[in-house]
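Here's a solo chain for you in structure tokens, the form predicted on its own.
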């Protein structure tokens, strides 16, 4: 079986790693950026305990590499901007092992290290054709401007993210639902005076700051704020340091030390902020009569509230890789993943209630300390099948 993987992202790299030594499988990957081209990518991320369990069970070498270059994610607290605590847990209460905190660039580096030689870099997918046997033939534009084909593939796997070119070529434009929340993220390279360590959130009304420290003395900060309508735009007046700082000023008194520190970082690093809007898109697992498989964000972009974007891409890549390496089908992958992903998507959306305009963030956060939320969090972090649970 000849398998082509579009995108050397999280899921794409993991599935190539799982298939590169599988008997009866020939796998080749294609990535639009140059080799090493994501080494300064993005900001930071937290990878959930469920992803680490998936790696431990299916890709233990990758698990150990990531542990070695990251900081553990062991706790989660929520404060109001004046420092009043409304939520506080240790992940050991609901998970089998900690999550991790690291830079996006480091995640890419570690997952690509074993599979770089299986990818053709600077290959951008521009079209799909079929050969005489009915196999899909991807057409690429190289970094040198050449149009190239690499023959037919029995299966193409989309690992090229939320705006997947392979998804666009097979099922059309992405359907997006916006939720009326603007978001930004920022990397603080020197956080030596940062007054906190692990994963925290801070609310003023429904405006939220989220932050944690990263390896190498850096810190990640993300902000969210309400827009005028569910599909409203982030306006120019929102994109100012003064406006963003003001969103997190308490009604009375001064902000706590953590919030004051984050506010202080906004202005000098403002030009480095990445902006987005909270959005979801429908789950799509396959296309082209079973000749295309979607993994990660190309299959199921979801809200980032519970940090499950890259985490679910890791689950997808490891579990799909195990199934395909054993000769399993796309139906087997759907059976192993679709119900699980639907639960994670809905749970993440429900957990976003506190950042939606008009809700009570303090009360909503306190309710999350209750047994119902904790039971779902335990299911999220532990309900990951091992190799013996699959076909």
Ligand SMILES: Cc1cc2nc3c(=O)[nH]c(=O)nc-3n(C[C@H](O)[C@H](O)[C@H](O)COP(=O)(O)OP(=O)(O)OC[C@H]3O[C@@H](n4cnc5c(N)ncnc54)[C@H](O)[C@@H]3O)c2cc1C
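Everything numeric here is computed off the predicted structure, so don't read it as measured data. Numbering follows the first chain given and starts at 1.
Beyond what is shown, the protein has a form predicted in complex with the named molecule; the following relates to that form.
S.K.: Using a 4.5 Å heavy atom cut-off, state whether residue 352 contacts the named molecule in the predicted complex.
M.R.: Contact check for residue 352: no, nothing within 4.5 Å of the named molecule in the predicted complex.
S.K.: Can you work out whether residue 185 and the named molecule are in contact in the predicted complex, taking contact to mean some heavy atom pair no more than 4.5 Å apart?
M.R.: Although the named molecule is absent here, residue 185 would touch it in the predicted complex, with heavy atoms inside 4.5 Å.
S.K.: Does the 4.5 Å heavy atom contact test between residue 10 and the named molecule in the predicted complex come out positive?
M.R.: Answer yes; at least one heavy atom of residue 10 falls within 4.5 Å of the named molecule in the predicted complex.
S.K.: Give a yes/no on whether residue 313 approaches the named molecule to within 4.5 Å in the predicted complex, heavy atoms considered.
M.R.: Contact check for residue 313: yes, within 4.5 Å of the named molecule in the predicted complex.
S.K.: Quick check on this chain: which one of 70, 43, 348, 365 has a heavy atom within 4.5 Å of the named molecule in the predicted complex?
M.R.: Of the listed residues, the single hit is 43.
S.K.: Considering the named molecule in the predicted complex, which of 220, 87, 153, 261 comes within 4.5 Å of it through any heavy atom?
M.R.: Of the candidates 220, 87, 153, 261, 220 is the one lying within 4.5 Å of the named molecule in the predicted complex.
S.K.: Picking from 23 to 31, 318 to 326, 357 to 365, 334 to 342, which part of the chain touches the named molecule in the predicted complex when contact means heavy atoms within 4.5 Å?
M.R.: That would be stretch 23 to 31.
S.K.: In the predicted complex, does each of 77, 113 and 198 have a heavy atom within 4.5 Å of the named molecule?
M.R.: The answer is no: none of the three residues contacts the partner (heavy atom, 4.5 Å cut-off).
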